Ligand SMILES: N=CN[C@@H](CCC(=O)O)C(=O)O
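Single chain ahead, written as structure tokens, the form predicted alone.
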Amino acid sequence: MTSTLITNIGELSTMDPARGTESVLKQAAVVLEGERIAWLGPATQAPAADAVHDAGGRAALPGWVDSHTHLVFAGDRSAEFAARLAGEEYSAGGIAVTTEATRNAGDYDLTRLLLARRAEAAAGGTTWVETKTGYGLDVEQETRSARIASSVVDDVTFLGAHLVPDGMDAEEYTDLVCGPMLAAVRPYVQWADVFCERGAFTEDQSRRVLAACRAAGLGLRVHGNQLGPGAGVRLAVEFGAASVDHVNYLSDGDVQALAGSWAGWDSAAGSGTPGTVATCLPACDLSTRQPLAPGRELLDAGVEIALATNCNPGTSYTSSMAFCVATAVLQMELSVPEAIRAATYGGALALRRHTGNDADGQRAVGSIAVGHRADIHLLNAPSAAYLAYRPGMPLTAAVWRAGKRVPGTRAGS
């Protein structure tokens, strides 16, 4: 098995809670062996390897874990974006425009578009990606989206409950989502989601979707509290969902409910029973001109948070996790380490991919430790602080995903 030594790392942010205050190493090195991390520590003590890459004093961190995207789509909604910036209010109805374009695209085109978006994200340091269905909205098209997604990304989420299609009764469509559609997509997906929001699905309809998907053995996620106060957070906690995403409008009770879900979790050690992650989507908030999710308040309350791009054609057409990290630091009052943790380890928590090592074979992502998956993001900067210090700049120098260099990135000078 081929091994690679990445040495002369000026600053290595492991995001490994087991290391405590020693989670950032100076003058470090990492050895990748196959898909796993085989060793990390001081560069002066690094073992020999088959290949060596000199990081040149650059900073390194885990690959980004983007736990919320909508990448299976065709079409363009730039006109809607421009209209929104000119003053039109965002509503969920624009999803129907993408649904029509996606239905009209062939399998080859949808796959090609998805592969291109996945490659774009990887070139920016994203090494693990979740994506959702939700632009098909009938049994055949949702199944097609799930099948295509399962061949390209790492985690697939069933989001048949994205919007009620034009001309359909909401109750009848909910029955379809909970029955034939769920059965058809089940072989291709690990998760289920519901858009519990005005203009989308009511609390009762959302509850039915979550109950049916849980009974089918899927992990649960919720789109909640994006456009105003609502039941999304409460439902997510009630059903033990792994995450509730958007979380722009939270009451004190919502925050307390989320915090309570983490009562069995030791954040410092990264052990125990994880609760419901609050996933913040700052690129979407800026695009829709919603208030930024209260990441600082959630962290202070003891809630684990994630940052994700929500890459989609209507409200957040970016796969740049670095942009989300910079926004979280500059506008959401997170520190640089907190934002990086939310975009790596937090995303892994939201997907329940935060554990796993040599012993069990399910390799953890979102952190750098022996036995975890070899996902490394090398920055063209001496410190991770540059992600916010030089916002918008192309700071990715090289990326290794599952131990393999991502094409188009380079190591060293």
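Note that the coordinates shown come from a computational prediction; the quantities given were computed from them, not determined experimentally. Residue indices: 1-based, along the sequence shown.
Keep in mind that the form predicted together with the ligand is not shown, yet the notes after this line are about it.
S.K.: Would you say the site is open or blocked once the ligand, modelled from its placement in the predicted bound form, is overlaid by superposing the surrounding C-alphas? Use blocked for 3 or more ligand atoms within 2.4 Å of a backbone or C-beta atom.
M.R.: After the site C-alphas are aligned, the pocket of the shown chain is open to the transferred ligand.
S.K.: Is residue 284 close to the ligand in the predicted bound form, meaning a heavy atom pair under 4.5 Å apart or at it?
M.R.: Contact with the ligand, yes.
S.K.: Verify the contact flag for residue 246: yes if a non-hydrogen atom of it lies within 4.5 Å of a non-hydrogen atom of the ligand in the predicted bound form, no if not.
M.R.: Yes, residue 246 sits close enough to the ligand in the predicted bound form that at least one of its heavy atoms falls within 4.5 Å.
S.K.: Residue 127: heavy atom within 4.5 Å of the ligand in the predicted bound form?
M.R.: Flag for residue 127 set to no.
S.K.: Mark residue 162 yes when one of its heavy atoms lies within 4.5 Å of a heavy atom of the ligand in the predicted bound form, and no otherwise.
M.R.: Yes, residue 162 is a contact residue.
S.K.: Which is the contacting stretch out of 70-78, 257-265, 298-306, 168-176, given heavy atoms within 4.5 Å of the ligand in the predicted bound form?
M.R.: Result for this chain: 70-78.
S.K.: Here the chain is shown alone; which of 315, 276, 206, 157 has a heavy atom within 4.5 Å of the ligand in the predicted bound form?
M.R.: Comparing distances to the ligand in the predicted bound form, the residue within 4.5 Å is 315.
S.K.: 226, 319, 102, 143: which sits within 4.5 Å of the ligand in the predicted bound form by any heavy atom?
M.R.: Of the candidates 226, 319, 102, 143, 226 is the one lying within 4.5 Å of the ligand in the predicted bound form.
S.K.: Suppose contact means a heavy atom within 4.5 Å; in the predicted bound form, does that hold for all of 122, 323 and 396 with the ligand?
M.R.: The answer is no; none of 122, 323 and 396 reaches the ligand.
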